[in-house]
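Next up: a single chain in structure tokens, the form predicted alone.
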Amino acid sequence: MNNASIGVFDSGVGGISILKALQNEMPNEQFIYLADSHNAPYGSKDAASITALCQNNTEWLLSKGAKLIVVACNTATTNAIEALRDQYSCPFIGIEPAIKPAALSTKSGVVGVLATEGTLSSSLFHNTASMHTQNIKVIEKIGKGLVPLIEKGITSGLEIENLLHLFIDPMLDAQIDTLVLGCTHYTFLIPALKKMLPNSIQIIDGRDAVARQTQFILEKNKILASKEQQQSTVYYTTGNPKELQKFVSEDGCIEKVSITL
């Protein structure tokens, strides 16, 4: 079991940002990455549909022998991870908008959150935000239209910049000093965001915290890979392999899979 793979899934390519953090943190682990690009974006779907998709992804990864599953999607985590933990016995690691570290680090008392509709409307997000943002102003913006562009490999250029200005400019007017990226896809937009944000604004995406928590849970459950094992990763997608290939090194092996409700 120790040398079995860690399963990682996202609604598409966004979770690659989490995967890279996991790979850096755990050099001896094997990974299976599943991009459910056929059903992307998850952020515009209702909670029941998101949960059903996450269950399908989970069962597919378990069929591949996953010992632990990382839900590398904010929308999937905030809407479905409690149901997944209730239904399956394997450990789950999720990611949700990093409201707590943002609240602790803000100096202006104004924090911006850029996320999907599915994340911002979830009870888990609202519970977390209400717990940590007393006396802090939170500017929430739905990044509508960003995920489909990122899925196509578009992470810079005029189309992306024009969309980002719609979401970011009101935050700047409100004098945020911290920006929380509440969607793993948005991590790929950090270079574009840095072009329009003052250097004083901190960007938080939570990927390193997920990697540290994953290693902690592996150690706690005594399923950390042996130091003799060499790291490997296999990539799968329910969408177009060529789209995923844009985010994967040339030696990455990408296979097309079909997972249906």
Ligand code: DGL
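One rule holds for the numbers: they count along the sequence shown, beginning at 1. All figures in this text were calculated on a predicted structure; none of them were measured in a lab.
Unshown form predicted together with this ligand; subsequent notes refer to it.
Using a 4.5 angstroms limit between non-hydrogen atoms, residue 80 is distant from this ligand in the predicted complex. Proximity of residue 41 to this ligand in the predicted complex: non-hydrogen atoms within 4.5 Å are present. At the 4.5 Å threshold, heavy atoms of residue 180 stay clear of this ligand in the predicted complex, well away from it. The closest non-hydrogen atom of residue 147 lies within 4.5 Å of this ligand in the predicted complex. With the partner omitted here, the stretch from 164-172, 134-142, 100-108, 114-122 that lies within 4.5 Å of this ligand by heavy atoms in the predicted complex is 114-122.
Along 54-82, a non-hydrogen atom within 4.5 Å of this ligand in the predicted complex is carried by 73, 74, 75, in order along the sequence.
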